[in-house]
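Below you will find one chain, with nothing else, as C-alpha cells; this is the form predicted on its own, and questions on how it binds or moves follow later.
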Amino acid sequence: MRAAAATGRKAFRRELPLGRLAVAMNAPTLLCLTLVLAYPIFYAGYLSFHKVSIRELRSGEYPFVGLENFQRLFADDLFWLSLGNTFAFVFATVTLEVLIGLAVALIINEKRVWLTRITRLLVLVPWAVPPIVNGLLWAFIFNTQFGYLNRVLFQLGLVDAQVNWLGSSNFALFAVVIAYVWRTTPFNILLYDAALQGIPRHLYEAAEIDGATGWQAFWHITLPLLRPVLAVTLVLRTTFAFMVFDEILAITNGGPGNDTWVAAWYTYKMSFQPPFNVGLGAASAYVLALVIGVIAIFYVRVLYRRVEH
C-alpha cells in the first residue's frame, strides 16, 4: 500500500511540478486579492493624476492634470495640520497600546494571578465593540452635561465645574486617544500573551539560578524574545492608527474647529464633502500609504530579529 501511494505521488509530481502546483493552488487567492486590493489601489492612483469632481463624475471624463493634485495637497495648510495631528495620535495610541498591552499580558501570565482565564475573556470585550459604537459610547462618557466622566470627577472633588472635554482644543484629541486605546489594546494583549506562553521556562530558571533579578530577566530574556511580535504589533497598530476614522466621526466630527482633523478625515472631507475633489482625496490617500510604508519598513529593519531558542 505504501509503495503504491509513493508511486502515485511520484507520478503526480511528474505530471505537475510542485512549483506549478503551488501557483495553481494559490491562483484563486491571488485573483481575489487582485480584485479586492490591487484594482482599487491602482484606480485610486489613476484618480490622483486626474481632475475628478462632481462635474467630472457626472460626465465620466476625467481630465489628466499630472501632479497638480499633489501640488495642491502639499500647499494646503489644513493637510499639514491633519498630518501633524495624525502623527501625534499615532505616537500616543501606539505607545499606550504597547505599554498597557505588555503590562497586562505579563500580569495574566503569572501563575499566581487568580481567575486568569476569566481575565483573558474580559480583555476581549472592548475588541468586540464596533469602532463607531465605541465612538458613540465614549462621546457619551465625555459629554459635558450628561457624561459619566464629569459626574465621577465632580463627586470625587477633582473638579468644581463641568469640563468641556470635546469642545476644548486641549482635550478633544486626548479624548479620541483614550477611546481608541480602550478598544484596540486587547489586540496587543492577546499577541503578547500568546508569545509569552511560548518562551521556555528553563530560561527563567537558569537566570534565577545565576542570580538575575526580575527586571534583568525581563530585559535580557523576555524582551528580546518578544521582539518579532513587537515588530508585528507596531506595524499593524501604526497602520490602523494612521487610518483612524470612526472614532473621529462619532466623538468629535473633526472639531472643535480643525483640532482633531487627521489624515483619513482629511481624505474623506476632500473626497465626499464639498468641494468633492476626489482626485485630491486620492492623492492624500497615496501620501498616507507612502508614510505608512516607510514607517513599516523602519519597524521591521530595526526591531525584527529571528530568534532561536
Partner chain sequence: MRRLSWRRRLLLNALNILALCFLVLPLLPVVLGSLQSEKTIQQDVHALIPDQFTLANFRLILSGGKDKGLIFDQISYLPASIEQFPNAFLNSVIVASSVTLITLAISALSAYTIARMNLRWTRALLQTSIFSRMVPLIVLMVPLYVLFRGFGLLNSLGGIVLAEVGFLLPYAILILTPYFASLPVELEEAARLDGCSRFGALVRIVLPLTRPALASCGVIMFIISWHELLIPLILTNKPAFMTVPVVLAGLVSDFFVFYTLLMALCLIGLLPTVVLVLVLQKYIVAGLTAGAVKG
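As the structure is a prediction and not an experimental result, all values here were calculated from the model. Residue numbers count along the first chain shown, from 1. Only the largest set of C-alpha atoms that superpose within 1.5 Å between the two forms is called the rigid core.
Omitted here: the form predicted together with the partner chain. The next part is about that form.
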- Message: Check Ile209 for me: does it contact the partner chain in the model of the complex (non-hydrogen atoms, 4.5 angstroms)?
- Response: no
- Task: May I ask you to state whether His220 is within 4.5 Å of the partner chain in the model of the complex, using heavy atom distances?
- Result: no
- Partner proximity in the model of the complex: Phe70 to the partner chain, non-hydrogen atom cutoff 4.5 Å: no
- Item | in the model of the complex, Asp77 touching the partner chain (heavy atom, 4.5 Å) | no
- Item | Heavy atom within 4.5 Å of the partner chain in the model of the complex - the one residue of Val235, Leu173, Leu196, Leu83 that qualifies | Val235
- Item | Option touching the partner chain, based on a heavy atom within 4.5 Å in the model of the complex, out of Pro224, Gly167, Pro200, Pro130 | Pro130
- Message: Only counting heavy atoms and a 4.5 Å limit, does any residue of 133-157 reach the partner chain in the model of the complex, and if so which ones?
- Response: Val133, Leu136, Leu137, Trp138, Ala139, Phe140, Ile141, Asn143, Gln145, Phe146, Tyr148, Arg151, Val152, Phe154, Gln155
- Message: Rigid core superposed, CA of Leu57 - does it shift 2 Å or more between this form and the one not shown?
- Response: no
- With both forms fitted on the core, give yes or no for whether the Cα of Thr34 moves by 2 angstroms or more between this form and the one not shown. yes
